[in-house]
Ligand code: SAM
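Just one chain follows, in the form predicted on its own, and it is written as structure tokens.
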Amino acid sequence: MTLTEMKRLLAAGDIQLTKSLGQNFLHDGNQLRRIVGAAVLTPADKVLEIGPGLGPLTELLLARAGEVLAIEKDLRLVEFLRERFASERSADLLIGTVDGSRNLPNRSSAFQLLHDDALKYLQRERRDWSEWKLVANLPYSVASPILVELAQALVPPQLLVATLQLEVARRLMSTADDDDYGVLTLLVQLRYEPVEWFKIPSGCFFPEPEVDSACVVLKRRATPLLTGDGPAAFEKIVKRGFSQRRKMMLKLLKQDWPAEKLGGAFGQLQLSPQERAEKLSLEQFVALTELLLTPG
């Protein structure tokens, strides 16, 4: 879909894009193909797409994957997509509403289109995503919470390929002591390994966003770093540690953990009592979590 075609379709449907929904549609064919290529799709793959817009990425996903579930919040675009892909692979379309009620197809289909708020859907539908890949141009206003929600799913997707703000991309790919390192980095990297990322020029979108963009690729870890109560405790430690970035982490954690327990854990890990959260690596946060959860 070229920029000219995109503008024509929007005009024909009398669709005015809404800034509050983060509607900046990627139209550049080279970038779209690059994103799909990064997902390494096969006919056996199931793909989750959030914010399909007018469907230029959806079209490429349907050509390569065996199943696509697209979630779109804007009803005008849902109606457009329903008409556009009505005959795609003779697919049934699953059309739902934001309140969660849905009309289910009579049989399984290659393409499912859901009208819903994606973040609320992920919070509401606790499903097994283990066989799925996220491939999406995420609405920038909710990109971070969507990725955290997927990363914290009981069984998260095997791969995340997401276009988002460059600033968020840097946070996702950063390491300890980087300026962009923080809560988002750790909550996502606990379950995912950063693979690659690449910038996407603003001119590849319509309308052009006011911020720079990038696509990130993150692969689910083969072996979880923490299990059981570990992930919840890890999140609590990370959020408390970064709640006041310039303060010593040990003092902050005393709000939730006994001073003696903390002192012993910091000693075992050879961490200075004056250390700040931004200096600790993912592995050190994991080790700290395990020590604090150890009885005694």
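Throughout, we count residues from 1 along the sequence that is shown. It should be emphasised that the depicted structure is a prediction, and the values quoted were computed from it without experimental measurement.
The next section is about a form of this same protein that is not shown, the form predicted in complex with the named molecule.
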Subject >> Contact stretch among 165-173, 222-230, 188-196, 117-125 - heavy atom within 4.5 Å of the named molecule in the predicted complex >> reply: 117-125
Original post:
According to a 4.5 angstroms non-hydrogen atom cut-off, is residue 215 in contact with the named molecule in the predicted complex?
Top reply: no
Subject >> residue 74, heavy atom within 4.5 angstroms of the named molecule in the predicted complex >> reply: yes
Subject >> Partner contact for residue 26 in the predicted complex: the named molecule, 4.5 angstroms, heavy atom >> reply: yes
Original post:
Would residue 157 count as a contact of the named molecule in the predicted complex, using a 4.5 angstroms cut-off between non-hydrogen atoms?
Top reply: no
Original post:
Are 21, 56 and 138 jointly within 4.5 Å of the named molecule in the predicted complex, each by at least one heavy atom?
Top reply: yes
**OP:** Note which of 150, 184, 142, 134 lies within 4.5 Å of the named molecule in the predicted complex, where distance is taken over heavy atoms; exactly one does.
**Re:** 142
Subject >> Residues of stretch 48-68 in contact with the named molecule in the predicted complex (4.5 Å, non-hydrogen atom) >> reply: 49, 50, 51, 52, 53, 56
